[in-house]
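Presented as structure tokens, the chain that follows is alone, the form predicted on its own.
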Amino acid sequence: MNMQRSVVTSILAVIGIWAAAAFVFSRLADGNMATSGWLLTIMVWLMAWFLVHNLAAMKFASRFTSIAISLVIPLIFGLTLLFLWEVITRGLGIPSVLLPPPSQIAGRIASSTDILAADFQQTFMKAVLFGYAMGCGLGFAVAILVDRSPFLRKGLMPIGNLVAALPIVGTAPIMVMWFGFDWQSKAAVVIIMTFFPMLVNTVAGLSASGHMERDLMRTYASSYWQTLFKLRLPAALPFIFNALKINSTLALIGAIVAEFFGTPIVGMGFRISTEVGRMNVDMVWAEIAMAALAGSIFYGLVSLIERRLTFWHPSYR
């Protein structure tokens, strides 16, 4: 009975949200919106808040339904934020140079798909993916060497922490001077940014297995590599995937910032820096939206793989 009541109230809240939002958009005038429009905007926000709270409190027997609701909740929240952004920017008459409304950004995305596709290919498909794979791969390989050698553990790890603390605005111009203005220099920056998080997390993960498990492997006369692949690496997977998720965002940030210091006339960072100078802020937000979408999908894929491989971890039980 309570479940049926929650479903009915949720449906009514959705209908109320759409009706109020449609009325607000029909009366929305740039810089001059009536008081009733603002009251309806507040009502839309409160109903969306109630809807999200109601959906989050529901318990479903079907796993598919639970997953679907977990996706619907952030979608509703995000659409509500976009609605408020649109109403506030247009209702208060905020200049588009300061903050363009989402509708203007969407129009820019629709009219600039060729430019956005070229920038995405230059920055993400070349610099980010190559630098991410190389940085994480090298960090993992060096972590195995560090685990084998106490000398490297005591000598390399402090240096690694020092290099990881270097600001990207200091290393990016040097990489451009060394590797040129094309995507290779941005990939080099990404490698530097992703190498040490993977190194530190993998080394910590290799020490996560318990002493009892290691003693058991020794009683079976297991070699180092047998213990590594059958015990220590599986136990280190949560740490490794933690580094992979951190690096999935660091890689994109590093590539975009590196393009501020020299790049061909293509790339997400290049487009952001040049369009800001031209006061085309809607194009800047279009690039930001594309970067946010690409980074979110990349992070989600890594998280999905983590869930598949570490289903045994207590956090997923």
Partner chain sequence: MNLTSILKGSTIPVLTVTAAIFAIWYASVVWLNAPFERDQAERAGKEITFSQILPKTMAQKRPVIPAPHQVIAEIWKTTVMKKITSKRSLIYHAWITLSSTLLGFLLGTILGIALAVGIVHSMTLDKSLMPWIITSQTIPILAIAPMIIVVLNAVGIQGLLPKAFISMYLSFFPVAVGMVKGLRSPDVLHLDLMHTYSATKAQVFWKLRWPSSIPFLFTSLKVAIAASLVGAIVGELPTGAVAGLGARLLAGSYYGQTIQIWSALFVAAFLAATLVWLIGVIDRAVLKRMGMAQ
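The term rigid core refers to the maximal set of C-alpha atoms that superpose within 1.5 Å between the two forms. Not measured: the values here are computed from a predicted model. Numbering follows the first chain given and starts at 1.
Note that the form predicted in complex with the partner chain isn't included here; everything after this is about it.
Just one listed stretch, out of 169-177, 199-207, 183-191, 134-142, contacts the partner chain in the predicted complex at the 4.5 Å heavy atom level, and that stretch is 169-177. Contact check for M47: no non-hydrogen atom falls within 4.5 Å of the partner chain in the predicted complex. In the predicted complex, the partner chain sits beyond 4.5 Å of every heavy atom of W38. Taking the partner from the other structure, the partner chain in the predicted complex has a heavy atom within 4.5 Å of a heavy atom of A292. Remark: I159 counts among the residues lining the partner chain in the predicted complex, judged by a heavy atom distance of 4.5 Å or less. Checked against the partner chain in the predicted complex, the candidates L28, V52, V266, M43 yield a single residue with a heavy atom inside 4.5 Å, and that residue is V52. Heavy atoms closer than or equal to 4.5 Å to the partner chain in the predicted complex belong, across 84-108, to the residues V97, L98, ordered by sequence position.
With the core held fixed between this form and the one not shown, V276 has its Cα displaced by under 2 Å. Core-superposed comparison between this form and the one not shown: the CA of I265 stays below a 2 Å shift. With the core superposed, A292 shows a C-alpha displacement below 2 Å between this form and the one not shown.
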